[in-house]
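What follows is one chain in structure tokens, specifically the form predicted alone.
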Amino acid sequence: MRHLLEIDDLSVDELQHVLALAQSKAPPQVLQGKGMALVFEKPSLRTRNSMEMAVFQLGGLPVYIQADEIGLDTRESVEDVTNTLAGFHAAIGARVFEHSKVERMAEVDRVPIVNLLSDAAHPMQALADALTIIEEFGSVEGRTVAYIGDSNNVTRSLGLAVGMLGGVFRIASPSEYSFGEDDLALLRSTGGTVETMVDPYEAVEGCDVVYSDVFTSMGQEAETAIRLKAFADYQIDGDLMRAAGDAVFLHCLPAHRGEEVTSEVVDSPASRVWKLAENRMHAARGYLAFALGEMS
């Protein structure tokens, strides 16, 4: 049973295989006549649309389920919901607040569980990130990705993917929002190079990709004022991109224009944010073709 809770649940060879499948023009119909349950505690434009279209392109039926329809651990336990859905579907995707919920789903071990986002990881985003970098440069190997902003779930998964594929990963964050030693050790366990710094201008020097995410994620709204003050010097603007030279800009979206990034950058020739958004669908299709193809 293949579960994807974090990007390093894949080996390097498997990750490369998934990315190759994501680029296939003839996706295998591994979900023909089958369904996939998509459980959303958090709403999302890109995750819902990319997953639904990926399932459809693989011949299956996506079933979108909102949080209040099932009530994880309120109306029914995570385990009971998982067992019920496993009786109907070939796989379950879940976008949750607590990572422990996807871990508990995986422990039921009846159908593949795909983490569509948790507070600890965002592996499907990292797959799309890697795919976009490969399309732009031919490979992640030898490329430098500079992440500017909050060290969060997106950062962690992106850093793992970059390291697994032989790239250099730089993180520029305020000290109070930087990764601790355990997270840095995890990122370095891939064998990739990880560099941490406070100055965003130092981070983008000579890089190939400048990457940003929101300063305040869903569930952190009460911290907005504090975070905006802490990250005031971490906005991706024209000056920072010019310092980065020929680098492209990526953002997992939604972008809070005027906060972590300016419209000048989002709409610039260097921006690849819309291609990255589209690649969420291709990456999802590639992973499902891999995970479910193994079972057929």
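Don't overthink the numbering: it's just position in the shown sequence, from 1. If you're wondering where the values come from, they're calculated on a predicted model, not measured in any experiment.
Only in words, not in the display: the form predicted together with a small molecule, which the text now covers.
Trainee: Could you check which residue among Lys101, His89, Arg95, Arg143 gets a heavy atom within 4.5 Å of the small molecule in the predicted bound form?
Mentor: For this set of options, the contacting one is Arg95.
Trainee: Between Val198, Leu184, Met218, Val108, only one gets a heavy atom within 4.5 angstroms of the small molecule in the predicted bound form; which residue is that?
Mentor: Contact residue from the list: Met218.
Trainee: Is there a non-hydrogen atom of Gln57 within 4.5 angstroms of a non-hydrogen atom of the small molecule in the predicted bound form?
Mentor: Taking the distances in the predicted bound form, the answer for Gln57 is no, it never comes within 4.5 Å of the small molecule.
Trainee: May I ask you to check whether Arg257 falls inside a 4.5 Å heavy atom distance of the small molecule in the predicted bound form?
Mentor: The answer is no: Arg257 has no heavy atom within 4.5 Å of the small molecule.
Trainee: With the cut-off set at 4.5 Å between non-hydrogen atoms, does His122 touch the small molecule in the predicted bound form?
Mentor: Residue-level check for His122: yes, a contact with the small molecule.
Trainee: Under a 4.5 Å heavy atom criterion, is Gln29 part of the interface with the small molecule in the predicted bound form?
Mentor: Output for Gln29 is no: heavy atoms all beyond 4.5 Å of the small molecule.
Trainee: Select, from the options 46-54, 59-67, 30-38, 266-274, the stretch whose residues sit within 4.5 angstroms of the small molecule in the predicted bound form by heavy atom distance.
Mentor: Answer to the contact question: 46-54.
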